[in-house]
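As structure tokens, one chain now follows by itself in the form predicted on its own.
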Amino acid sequence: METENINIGLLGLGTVGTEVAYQLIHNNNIINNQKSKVQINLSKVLVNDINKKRPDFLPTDKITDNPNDILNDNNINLIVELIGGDQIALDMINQAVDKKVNIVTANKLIMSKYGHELLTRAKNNGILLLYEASVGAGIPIIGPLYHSLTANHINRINAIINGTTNYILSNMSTGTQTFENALKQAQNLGYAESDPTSDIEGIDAAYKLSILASIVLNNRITEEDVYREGITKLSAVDFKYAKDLGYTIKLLAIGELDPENVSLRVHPCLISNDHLLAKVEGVYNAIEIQGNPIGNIIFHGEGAGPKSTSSAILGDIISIANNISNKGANSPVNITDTTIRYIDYIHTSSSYYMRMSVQDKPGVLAEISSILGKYNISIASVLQTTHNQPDNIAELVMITHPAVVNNLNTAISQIEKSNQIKSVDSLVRIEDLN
């Protein structure tokens, strides 16, 4: 059999791009150990600054700052997009699709916003568009959803899919670190960007959840379909109370995936210390899949970083090499727009953890209970303390029985109007994952 060449045009040479280039050059014997007799070559690398010093292992004749040197090179038959961001990356991916060039990307933003259309066009053009690294870096989840788990009816996803927020929350769980201090530490270690908005407001996790949901539901799902709350309102004391109550606090991406009752949300929540997701610490990610007949399974590992991410990218490259003579094998079999019914977040139901500062005098709890009762919300447990509080102020912590979110929000707005209530300081959903 004649050896067929896969010539790669690498778009972007940041930390991940540099690692991918290194592996393609230094681990060539492993990457090219394919039964399909395909030779994988790194042909050209696009950079933003041609004058910036590059790693010694990368020959200068492979580096360019002109996208056309890659996009218009007929010998390049695989584009690896690692630029990140939106419009520039999208333009280059679109050009590759139009030219019928196979594509690997780690771009969660692109795949969340435009993945449905891109995958449809790629399939129609007989090429592969693979994106394993877009959700959990090196954690294999997209491939299993398309292949190993395809016989399952997957009804729920519970996931920790942002390492920055998990690192921050893990540090705050000691009960001593403020959000600001934990964020600063994450930035100093390179886990958080100088502008951390996408992470701490749950935007990054919403992109990733929408990608997973679109695969499971075989439909066009974007981040706009995901309800989202960030972690900025959490305080160290919330972690102390959660621990006392047998919980830990995590930012979860949750998909309830019955096509007739779809709920997609990203928000902080209390989960039982007994659940495996409660034990996921630091920058690690974990994705729990609940399905039939598989039951519950969890994928766990480093959800960011150049080595982990490059592992998934290289895996996609090799998949394309192995399927070069059978184009489309890794693409979705059917990409549809069947009707799904979304459940608005405010109409979902859950127990809640509430923390508020109140006047330390008789009758306050009775007033709060009365307001909650008016909206069919009952209290499961109450903890009150005056420790470290100003004179005549008490801190009240309550756990509710399951309540409709809209009713709870209305009740809270009524409680906040009371002269007996200084402030409602924290309101966090409790998720029963067992």
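Just so it is clear, the structure is predicted and the values come from calculations on it, not from any experiment. Quick note: we count residues from 1 along the sequence shown, nothing fancier.
The protein also exists as the form predicted in complex with a small molecule; that form is not presented, and the subsequent description refers to it.
The candidate spot formed by E223, D225 and L264 lies out of contact with the small molecule in the model of the complex, as no residue has a heavy atom within 4.5 Å of it. Residue T164 is the only one of S112, T164, N158, S310 with a heavy atom lying within 4.5 Å of the small molecule in the model of the complex. Site annotation in the model of the complex: the residue of D316, D199, E81, D238 reaching within 4.5 Å of the small molecule with a heavy atom is D199.
The partner is not drawn, yet in the model of the complex one stretch among 359-367, 201-209, 225-233, 113-121 has residues with heavy atoms inside 4.5 Å of the small molecule: 201-209. Contact between I254 and the small molecule in the model of the complex is not found at the 4.5 Å heavy atom cutoff. The small molecule is not drawn, but in the model of the complex it has a heavy atom within 4.5 Å of A304. Although the partner is absent from this view, K250 stays clear of the small molecule in the model of the complex, with no non-hydrogen atom inside 4.5 angstroms.
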